[in-house]
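The chain below stands alone, shown as structure tokens; this is the form predicted on its own.
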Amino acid sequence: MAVKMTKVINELPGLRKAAEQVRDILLANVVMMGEIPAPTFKEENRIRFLHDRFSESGLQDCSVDEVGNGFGVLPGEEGGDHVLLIAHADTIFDEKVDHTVSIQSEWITGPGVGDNSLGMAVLATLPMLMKQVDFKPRSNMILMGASRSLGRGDLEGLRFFLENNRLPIRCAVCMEGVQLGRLSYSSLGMLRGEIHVRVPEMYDWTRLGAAGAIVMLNDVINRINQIRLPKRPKTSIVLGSIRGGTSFNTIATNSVLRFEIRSESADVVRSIHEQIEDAISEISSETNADVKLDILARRKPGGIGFRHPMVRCAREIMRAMDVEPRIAPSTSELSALIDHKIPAITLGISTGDQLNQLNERVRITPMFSGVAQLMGILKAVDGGLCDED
């Protein structure tokens, strides 16, 4: 095994050079992918573009399923099992947003370029790159653009595929545009939700303690902040966004808090969820306002271990390329794969900043190391180096 891994590592400089040689095609795919709006549940145009790229590259069984996932299959020389490569197609940006993508000397800028237009562009470019370096895998490679991943989508596209798939999948690699060095192999327990405060039109403003929806939501936040979080298992509550009201001089009649509970323990997530529900019920009864919790997504904790061969190979490849592994649990596509007991990791392709903003941007030069890293891991996987004994 050591000799085989040495062979993979020795090939990395050549893989990076090959990635640089398809620079124009990769950047063109990033731009064209990024300029197609793809908010969750409306990814069909971006998936169609990916499907066309797969067809042009000669992949087999190019298709789009019932929930909008896009597929192409690169047949392996042996074809006994399958390796799944995934990038989520959707972004957080609405169709009304200007999706113009610009390229400067070192940056690509535009809404969603890092999350996840670059990941999708790499997926579209991969068949050409594999042909260029004469990489003929033994296993079948299933390339998948996943729909309905973010927010209320709750990984619906990938879940649908895994629940209906009958092909033997040996392992999977998830691709995110940023950050290079990211190495996720486990999933946190998670609950993502919205708390809505609505004041009825006939609300009695004369009652003791009556206040607008924003003040009531502030009371909810204060009570959430009073929840005691354990140091072990690692746990956090992320208060993501608040919106409400309409003007300076009008008492707000509605407000919304978006939040996420994260923990290494499913029991802790459940306990915090119950405490938040109790706080909401108490505030609702005290104020006579309509305070409700809307659950958008859930995740179970789990995954493969730090010493799993797939993780070990990924670490070795990253370090051989002077990329420091950034090990962190994930709440994205990885969790759906974990639920189906499929060994999987999530990788980042490049570095970037201003994420989830309209001027989100990613660096061009690190992309080639990110693509070479991906190719190296695929070679290790295909060579059997990432299989458990």
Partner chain sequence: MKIDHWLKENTFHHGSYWDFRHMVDAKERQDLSISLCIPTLNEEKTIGKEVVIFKSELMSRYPLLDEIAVIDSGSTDNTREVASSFGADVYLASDILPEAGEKRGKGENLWKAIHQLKGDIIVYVDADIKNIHPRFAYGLVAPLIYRQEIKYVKAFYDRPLAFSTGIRPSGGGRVTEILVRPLFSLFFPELTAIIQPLSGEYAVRREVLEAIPFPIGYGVETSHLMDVYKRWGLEAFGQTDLDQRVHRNQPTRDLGKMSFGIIQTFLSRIKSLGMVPDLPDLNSTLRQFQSRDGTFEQVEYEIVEEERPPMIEIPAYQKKFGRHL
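Numbering follows the first chain given and starts at 1. As the structure is a computational prediction, the values presented were derived from the model and not from experiment.
Just so it is clear, the following notes concern the form predicted in complex with its partner chain, a form of the same protein that is not shown.
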Please tell me which of V64, V31, I327, L355 lies within 4.5 Å of its partner chain in the model of the complex, judged by heavy atoms.
V31
With its partner chain left out of view, choose which of I227, V133, I283, I103 has a non-hydrogen atom within 4.5 angstroms of it in the model of the complex.
I103
So, R23, R53 and M128: all three within 4.5 Å of its partner chain in the model of the complex by heavy atoms, or not?
yes
Can you tell me if E35 lies within 4.5 angstroms of its partner chain in the model of the complex, counting non-hydrogen atoms only?
yes
Would I364 show up as a contact with its partner chain in the model of the complex if we use heavy atoms at 4.5 Å?
yes
Might A320 be said to contact its partner chain in the model of the complex, defining contact as any heavy atom within 4.5 Å?
no
Can you tell me if D98 lies within 4.5 angstroms of its partner chain in the model of the complex, counting non-hydrogen atoms only?
yes
Heavy atoms within 4.5 Å of its partner chain in the model of the complex: which of the stretches 345-353, 65-73, 332-340, 23-31 has them?
23-31
